[in-house]
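So this first bit is one chain, no partners, the form predicted alone, shown in structure tokens.
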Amino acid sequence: MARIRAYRNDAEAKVTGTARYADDYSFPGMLHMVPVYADYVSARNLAVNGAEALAQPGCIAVLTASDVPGNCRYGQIEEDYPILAEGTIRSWGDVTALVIAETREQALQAASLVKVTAEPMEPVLTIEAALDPYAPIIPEGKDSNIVVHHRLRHGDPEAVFDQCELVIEEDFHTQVIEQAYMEPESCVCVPRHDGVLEIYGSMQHPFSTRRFVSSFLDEPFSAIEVYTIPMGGGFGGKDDNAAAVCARAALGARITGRPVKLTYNREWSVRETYKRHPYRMHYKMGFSSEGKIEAVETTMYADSGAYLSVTPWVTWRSTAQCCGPYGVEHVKADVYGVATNNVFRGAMRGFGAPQVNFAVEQLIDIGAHRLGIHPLGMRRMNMVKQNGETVTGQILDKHTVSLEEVMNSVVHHIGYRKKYEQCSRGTSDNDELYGIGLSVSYRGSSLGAEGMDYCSCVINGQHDGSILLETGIHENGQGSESVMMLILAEELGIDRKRIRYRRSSTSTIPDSGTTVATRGTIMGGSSVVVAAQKLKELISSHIAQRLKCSSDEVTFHDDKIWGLTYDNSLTWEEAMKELYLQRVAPYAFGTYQGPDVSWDDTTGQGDAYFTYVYSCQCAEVMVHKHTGKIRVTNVVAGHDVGKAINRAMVLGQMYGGITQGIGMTLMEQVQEAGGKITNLNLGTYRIPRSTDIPEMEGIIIEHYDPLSLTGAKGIGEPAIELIAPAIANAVYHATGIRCTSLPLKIRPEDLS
């Protein structure tokens, strides 16, 4: 059966507006909750007085930390994040109280009357201030504001630098970025008659949410059921905070015995939720006269904000990929996460790689320019190759290393060589300067050595020949359900219309890890293959006799189940009825564990990931001489995704990632003054408009990956992680000005 290459099972509901998101849910007797913040960035001796609020019409309760039966603090790595603040304030985003009322309007009115007092303390707001030995220690119980330190040691770079023809030292800075998803956080929690709390929320990981709620309420997992419902975007931003929103609603529902809805407005969302880590990076890179990278030393500092969240995992990826997709024999890297009193930082699409690539891919171009080597030649000489060794000591011999092929495809398609010669380099006969630039990357697929990779799948055949499918992968809006359905249809050789993706909950499928790190397709799809193989074995063993063949001769294709001849076949309807008559349930449960990885924390050596996605993006820009405005006019992206399950969605992920990356490169920046965010909505936090989007073309390159049971690897994060340096290199070739901070800014006076 021909594979369907473009499909979304939720397309009609989303296009017609019938898809129900968290705020669309309503239940009889439902109450409304709103958060209360304190106008402090750092303070102690917190006190909350809700008496005046409680006297307002419709106000049911004002909840504080004293009303929490369990642990007020939780986190994925350390339990330091306050679901409700108790005693101290560590950031402007801390929630101090929750107001519950009959209507949202009444809750808002009552919330404005809650009195919050505390003793202000001087906040620590920069990495430099946090590293001062006399600075206040922000993490409780710690002896330093350094919350994590990763090391990578490979060879001896210090001994090699003196022998290098060229040594470059450069500092790079990246900014604070808001995920800017369309749907702010929202949750409805419903107490069920059997004592279970049902949670319908906009969150990326139902199982993380269940853990937050369980700890907060001091109740077992079995008392909490979190449902998967449509989510209006997350991009990494709806894990810790979204889980905390659900925990707060659950507290209200447990105390009042009624359904409680908590829906954030944009200002609350931007104020409270974690952002992309801003990085401060110093690189020292040494080259031979031929352009070979001989040695690298780098020190990176990431502002973790007030709470740890996933800073250790983000900075670990930066460590493992500190030299980009290049094999370097001598490397020393130190990567630090540093606590401040800023709104905390966490996961965002790219997860520690966009910051590093911004530095490394510009250094490659700087080295090429100073040595008089073409940027393509410089990259070809140094990039990882088949059976080559990475900076973590990993030998790339278990999959196709296609980086050079990917780069060649993009270069040929866009005409890079000719256009590179046509760059303005600071002079032109008109008002605009033209430039072209590219960057390449390799990205470890899935969690790698930062976590455990596994996933589960359930396939449940029905009496009428239809099939229910469920996996531990969460639908974040990226189309994962559709991909799982297409994989199952291909594995069983059936019409996709037979398959219904079942709405999952934490009570129906085992925890399969978070749907992050470009792991949805590779892990979820592989679990579908395992379950499908088990189902085929079960079916074959029970219907082979009727098909007049042995069980190992049964085949599945063309929406039927076949024996050795065309005269011996069964429709799925017939086969399912046969199994039921035999009292056999056509049910299969499959689990997939990712291949082993390894990591030595003391040296930063090991097999960091079991496979990699290879990528190249090339951008063309025009820079206006009189205004300095940078306009991206064209982007061509090439990515080796292993196998494209759904080509239309692969391209959609490419274009979406590029668009987000353009925002990061040219315009997006969370503005903070005194630890308070000043651009709290999308009117003042600028993201790309349709007029900012260039022409884009995606090239899908497929090398079946033997470590993935479907051959697929992924595209979600590779699509965003390398457009910033491509644009920065293009701007340099247009203007002769090297930009080492994001967002890129060109002053008109520097162009005259």
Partner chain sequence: MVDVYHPKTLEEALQFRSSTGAVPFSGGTDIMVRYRTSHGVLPDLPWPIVLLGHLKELQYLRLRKGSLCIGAETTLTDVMDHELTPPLLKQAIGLMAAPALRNLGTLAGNIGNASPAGDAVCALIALDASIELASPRGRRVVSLDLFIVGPGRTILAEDELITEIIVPIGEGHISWYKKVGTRRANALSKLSVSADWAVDDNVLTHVRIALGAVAPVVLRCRDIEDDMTGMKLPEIALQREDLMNRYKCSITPIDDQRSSAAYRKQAASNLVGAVLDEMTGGR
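This one's a predicted model, so the numbers in the text were calculated from it and none came from an experiment. Residue numbers count along the first chain shown, from 1.
Note that the form predicted in complex with its partner chain isn't included here; everything after this is about it.
> Given that its partner chain is not shown alongside this chain, does Thr263 nevertheless sit within 4.5 Å of it in the model of the complex, heavy atom to heavy atom?
Looking in the model of the complex, residue contacts with its partner chain include Thr263, since a heavy atom lies within 4.5 Å.
> Heavy atom to heavy atom, is Thr602 within 4.5 Å of its partner chain in the model of the complex?
Flag for Thr602 set to no.
> Counting only non-hydrogen atoms and a 4.5 angstroms cut-off, does Trp268 reach its partner chain in the model of the complex?
It does: once its partner chain is placed as it appears in the model of the complex, Trp268 has a heavy atom within 4.5 Å of it.
> Counting only non-hydrogen atoms and a 4.5 angstroms cut-off, does Ser66 reach its partner chain in the model of the complex?
No, Ser66 stays farther than 4.5 Å from its partner chain in the model of the complex.
> Looking at Arg73, Lys625, His330, Lys536, which is the one with a non-hydrogen atom within 4.5 Å of its partner chain in the model of the complex?
Filtering the options by heavy-atom distance leaves Lys625.
> Quick check on this chain: which one of Gln671, Thr299, Ser288, Asn460 has a heavy atom within 4.5 Å of its partner chain in the model of the complex?
The residue from Gln671, Thr299, Ser288, Asn460 that makes the contact is Gln671.
> Among 674 to 682, 311 to 319, 567 to 575, 395 to 403, which stretch sits within 4.5 Å of its partner chain in the model of the complex, heavy atoms only?
Looking at the partner contacts, the answer comes out as 674 to 682.
> From first to last in sequence, which residues of 97 to 122 have any non-hydrogen atom within 4.5 angstroms of its partner chain in the model of the complex?
Read in sequence order, the residues that approach its partner chain (within 4.5 Å, in the model of the complex) are Arg104, Glu105, Leu108.
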